[in-house]
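The chain below stands alone, shown as structure tokens; this is the form predicted on its own.
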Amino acid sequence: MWELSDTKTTPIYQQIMEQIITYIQDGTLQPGDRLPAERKLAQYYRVNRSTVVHSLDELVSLGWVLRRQGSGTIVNEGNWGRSTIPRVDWRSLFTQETHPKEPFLERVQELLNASESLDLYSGELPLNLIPDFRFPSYTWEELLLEERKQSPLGYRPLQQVICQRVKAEQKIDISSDQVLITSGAQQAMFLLLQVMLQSGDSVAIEDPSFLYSLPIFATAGIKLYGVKMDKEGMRIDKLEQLILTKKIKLIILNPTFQNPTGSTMSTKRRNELIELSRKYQLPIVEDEVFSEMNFSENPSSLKELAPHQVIHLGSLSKIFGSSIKIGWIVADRNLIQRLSEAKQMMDFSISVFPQVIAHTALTDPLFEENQKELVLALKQRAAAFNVAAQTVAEDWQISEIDGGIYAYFTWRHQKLTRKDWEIFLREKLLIAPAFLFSNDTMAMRVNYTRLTEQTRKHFFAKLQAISKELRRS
């Protein structure tokens, strides 16, 4: 039972970890079972005791086993996410130094209101594409009556609509007590970090990823590790290396029309990711804020493939703009209850008013028709964008647009530096360089939906001139 393969090249301590995890998963080791003493394991594996100690320490940190004085090492009987106490240290929030500001972003913010600037940086639809709907008039008394429909999890009618949409789109039966309404997707992410992780824990994200620049991780003391992507999505071999070497506790990704690359994870890769997460009993947080902006049928969501392993995040902000800051978390009841308790403790209450607006929008008889018109308009803009992009194809590799709001440009020539990207600011073309999402300096994100026929010509003419200047530098 306690033997290692002679053919494997991975470090011995990792092989020991993998074998013990396999024994737990296949039932050879049951919850509460005691492992042999460290000295005995060292004899069985024919290694130094320090190697066994290293392996067991890693398994303890990952939550697979527990060390109890007088009882030795036993298989953990619990599950992930048991803590109910919010992890935020409010005192440190008010005393710690502010995070250094990104100079490029500061300059973008200065230029956003300039009339001659072309904003392809912002992560929202232009106003003329945001679906319209009629909002019924409410008296103050009527709003107070709607307030009574609030529960600790949110506005009940909105919860019910979300349940219906999840069932229709993802073929999952959920009830209202599995849905927590939040003030946008970022608040949802913050709550998950506070409840499921502790300061010093590690999280795996895509590389590149919009999560890279969010301050909520540093505020919570969470370490981020990027996983390289290929054309099918996050690389599973790279992820497994991180799980074993960096004590990853949570996987967070944006698998459909990913921000910033606009790519979509393949069905094959989704299944491989779920299989890996089950192997190491790691929860997955799936951010699906772009999934409704699809030009063709999307792959099955991770939540649909593994309902109990995946925590699903949704939001209306990408369709209706940031003025409707409504998001939601879909997860198992026990986790939703813990998140709700943390939300109340931190006084993250949400007014009923934006929730009523969101409910009105989602139940409007014209919503589905407006949604189809939006997708058609995006598809047309994407097609026109792809045609115009051929004018710079010698200099830039450009991602195929299948939905969402982003196109990703990768420079084909010499190594670029951060300083090179200042040319775009000088020309008042507001884009998002890759260094905002990773350590890369060779690519940029462009919100193609903000381009009209006239501004599209202007953008690509400017880009041709910039590309010529970059080649000479």
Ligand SMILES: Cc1ncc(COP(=O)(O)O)c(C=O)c1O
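Counting begins at 1, following the sequence as shown. Model, not experiment: these values are computed from the prediction.
What comes next is about the form predicted in complex with the ligand, which is not displayed.
For the candidate set Val289, Val330, Ala306, Ile401, a heavy atom within 4.5 Å of the ligand in the predicted complex is found for exactly one residue, namely Val289. Residue in contact with the ligand in the predicted complex (any heavy atom within 4.5 Å), chosen from Arg269, Arg381, Lys249, Lys325: Lys325. Only one listed stretch (179-187, 144-152, 229-237, 356-364) carries heavy atoms within 4.5 Å of the ligand in the predicted complex, and that stretch is 179-187. When contacts are judged by a 4.5 Å heavy atom cut-off, Arg338 does not count as touching the ligand in the predicted complex. Looking at Tyr212, you'd find every heavy atom of it more than 4.5 angstroms from the ligand in the predicted complex. Heavy atoms of Asn259 reach within 4.5 Å of the ligand in the predicted complex, making it an interface residue. Put simply, Ser277 is far from the ligand in the predicted complex: not one heavy atom of it is within 4.5 Å.
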